[in-house]
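To begin, one chain is listed below as structure tokens, in the form predicted alone.
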């Protein structure tokens, strides 16, 4: 049975720097949970605390399978840890690195070697079992480190940016394989990354951190479709934000008219806020339509001029300056009509595709900071 992990009121400070602030988090038995956030958000600190490599400040408690482990040493927590740096034994070849833990435990040597060869196939390292670490590329070393940890027999796996050193093709293949291995071995996995695509592809749930604070936790679909605040929406996708006020509310039609900065007017059907309430309207780049300029003055249709147009990974990405000087980012499939810089266009979005947030106390610009 794989363990459940709980952190209760866990804080970690380094003098005046708060690395983790009153974290309460539960990772369920057999769950693949990703800690996602920008650099400095507290991801690695969380892993180090769970592993027992550092201790929480007074008052914080860490439990593994309901047992408090603050006073239990790292080696007695039965944890496998994959660091961003490889930490391989330089004098051992790849296979001997992989079977180090099974050998220490007295497991059958031939069976361990067989398992090591199978693991190397999964890691796209067939034929490199006799190589020393110095003979491998950085990406290969990282895969060996990952394979060694998976063979350790630990039921709790901590991964700190484990795929960061890999090239794009290998990284895509290993994301899928890593999740499958974890599920097949019935391991609880906690994976730290700032790669949103990686987190969404590999996780059961995603915990989003910012400046040491847990901002939101949920399935990939939940955190994307229902971001708790402006930071989450901005971090997970290219999102356009407009400050404004609720101008009028139509209770029967369940809609509201917003007057946004620069006298833009947009209609939405997602607010229950009263008139004159200060609000932020968010629209994701992929939810905005762009067409050649046409005459349309209804809400959610705005005129502007293309300032930048780029082709990126099968999509066309535009930056459009609106008539009120606001900037909008748009991303559409590359098969759509292409617009050049300087083209006059009309953009639009459906009321259902909007995100609404209370106006942040610290101001919109500060709320949008990713680091």
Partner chain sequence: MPEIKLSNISKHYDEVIAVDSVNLTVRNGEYVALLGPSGCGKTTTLRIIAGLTLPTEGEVFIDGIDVTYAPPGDRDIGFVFQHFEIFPFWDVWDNVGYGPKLRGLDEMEIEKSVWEALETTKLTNKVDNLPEELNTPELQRVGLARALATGAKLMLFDEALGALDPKVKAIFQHELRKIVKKNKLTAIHVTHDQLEAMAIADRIIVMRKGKILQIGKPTELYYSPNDIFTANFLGESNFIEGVVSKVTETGSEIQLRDGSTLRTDEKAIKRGSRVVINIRHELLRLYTIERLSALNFVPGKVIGYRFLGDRHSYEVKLDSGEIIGVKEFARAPPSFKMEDTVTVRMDTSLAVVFKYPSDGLAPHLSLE
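If you superpose the two forms and keep the largest set of C-alpha atoms that fall within 1.5 Å, you have the rigid core. Keep in mind that this is a model prediction, so the values were computed, not measured. Numbering follows the first chain given and starts at 1.
As for the form predicted together with the partner chain, it is not shown, yet the points below apply to it.
- The putative spot formed by 169, 287 and 317 is fully lined by the partner chain in the predicted complex; each residue has a non-hydrogen atom within 4.5 angstroms of it.
- Residues with any non-hydrogen atom within 4.5 angstroms of the partner chain in the predicted complex fall in just one of 264-272, 210-218, 194-202, 242-250: 194-202.
- When the partner chain is considered in the predicted complex, residue 334 lines it closely, a heavy atom lying within 4.5 Å.
- Looking at residue 295, you'd find every heavy atom of it more than 4.5 angstroms from the partner chain in the predicted complex.
- In the predicted complex, no heavy atom of residue 30 sits within 4.5 Å of the partner chain.
- For residue 121, no non-hydrogen atom is located within 4.5 Å of the partner chain in the predicted complex, even though that partner is not displayed.
- Contact residues in stretch 223-243 (any heavy atom within 4.5 Å of the partner chain, taken in the predicted complex) are 224, 225, 234, 235, 237, 238.
- After superposing the rigid core, the C-alpha of residue 285 moves by less than 2 Å between this form and the one not shown.
- With the core superposed, residue 124 shows a C-alpha displacement of at least 2 Å between this form and the one not shown.
- Annotation for residue 174: C-alpha shift of 2 angstroms or more between this form and the one not shown, rigid core superposed.
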